[in-house]
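One chain is shown next in structure tokens, namely the form predicted alone.
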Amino acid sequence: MKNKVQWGMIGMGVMGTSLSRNFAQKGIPLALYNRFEKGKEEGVAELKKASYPELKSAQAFENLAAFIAALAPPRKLFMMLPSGKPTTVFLKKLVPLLSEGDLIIDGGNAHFEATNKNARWLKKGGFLFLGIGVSGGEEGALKGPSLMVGGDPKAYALVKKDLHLIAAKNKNQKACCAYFGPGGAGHYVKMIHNGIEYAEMQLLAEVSALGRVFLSHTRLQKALKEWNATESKSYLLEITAALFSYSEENRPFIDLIKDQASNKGTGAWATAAATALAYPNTLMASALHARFISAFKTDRETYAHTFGDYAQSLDLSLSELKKSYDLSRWINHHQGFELLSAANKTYNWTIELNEVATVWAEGCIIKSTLLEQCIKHFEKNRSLLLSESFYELLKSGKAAWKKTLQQAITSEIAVPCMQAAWTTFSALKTKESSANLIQAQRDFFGAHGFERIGQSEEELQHGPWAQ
């Protein structure tokens, strides 16, 4: 047996392989494990070891007991497995082979409640546990991911140095890795990241839907590339511009892809999590439902034939479209960060918003100049909407924002996230809303009562209709 190491990577899929290579490139010795399934997964860890020079010194296994035996206590096990049942089943096989004090890390896209449950279960067995949200995809995992950590603070202290070594670094060379609280706090932050990501992707899809009406494919691609050289810069904008550059037989390749968007559930989790906290994450929800609607391809074709498709002209400029996009993004990020603040109150976490912005500023899918600005804003303000940057952007872009939405409605082009952003902003700045009528209605049909202006909030009132 070779010298024992402490780190073991479990699951040699795309992310597990890239993370293993990242560890190895940083000089951290590790063992690799992938399950054996005859005819499906055989010798996977050995194959990965042979494929990448940096993994040459790693030990490779497909026998779980042998893999555990090759690790020196306290073992540090980084799982990159599909979330849900696959992770649960594997943990039940793994735990009997471990020793008290060993550390298990779940780096999959787990639901934060499942992470809470596993944290309680493993703590009873004497094991250390972390649930880490890992963002950045294959490239991020290899070159430096964004790491959102939750779980036992003692466990984090044990691996903090190595995690900071493999994590992405922001412009100030600070590691994009932070501890956010016990149990599922890290996976909660990752879930909100993915919710913001859903809306960012949908906003770019809406920019495309509007832009292709009055711009050529080539001009739209050029415009997006130009935007990415401004404060609108983001990873998603960068790759969207790149996607528009591909063609096949003189046709934009994007037009060869069926317009039905898939989802893996994290957008639904974020929407449900906001509902549980009575927080309005309208952009995340709109982006999620836009994907759902896209799945009804046959119905959409029928309705387009019956009612007519969208118009083929717009009275809109690129500058107006960009300002609408930028303002909508501010509302999206505002909602994401406010949802984290709401979670702090409910779950007794201490998630620092500027720390979240720091972790998201590099290495992850939503990395952007806006998030770099957020780091500074949260040092002064709790709300992004109270920042000077948003105020200045609103002052120069509000008219364009309204015009874009007016043009979209007139041309019957669906822009659910842009509309949700405007509606949310309008509602938030409405001093006296129409919710008093809602309260009157509830009292009329259900005697639910209401708070009367100028009277104690402790005692609910009833209207004259109740007499």
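Note that the structure is a prediction, hence the values are computed from the model and not measured. Residue numbers here begin at 1 and follow the sequence given.
The same protein also exists as the form predicted together with 6-phosphogluconic acid (6PG); that form is not shown, yet it is the one meant from here on.
In the model of the complex, 6-phosphogluconic acid (6PG) stays beyond 4.5 Å of every heavy atom belonging to residue 187. Of the heavy atoms in residue 136, some are within 4.5 Å of 6-phosphogluconic acid (6PG) in the model of the complex.
Among heavy atoms of residue 263, some come within 4.5 Å of 6-phosphogluconic acid (6PG) in the model of the complex. With a 4.5 Å cutoff on heavy atoms, residue 194 counts as touching 6-phosphogluconic acid (6PG) in the model of the complex. Residues 214, 319 and 400 are none of them found to lie within 4.5 Å of 6-phosphogluconic acid (6PG) in the model of the complex, as judged by heavy atom distances.
With 6-phosphogluconic acid (6PG) omitted here, the record of contacts in the model of the complex names 265-273 of 169-177, 323-331, 67-75, 265-273, defined by a heavy atom within 4.5 Å. Taking a 4.5 Å heavy atom cutoff to 6-phosphogluconic acid (6PG) in the model of the complex, the contact residue among 244, 337, 198, 390 is 198.
When 6-phosphogluconic acid (6PG) is considered in the model of the complex, only one residue from 160, 222, 291, 111 comes within 4.5 Å through any heavy atom, namely 291. With contact defined as any non-hydrogen atom lying within 4.5 angstroms of 6-phosphogluconic acid (6PG) in the model of the complex, 365 is the only contacting residue in 355-385.
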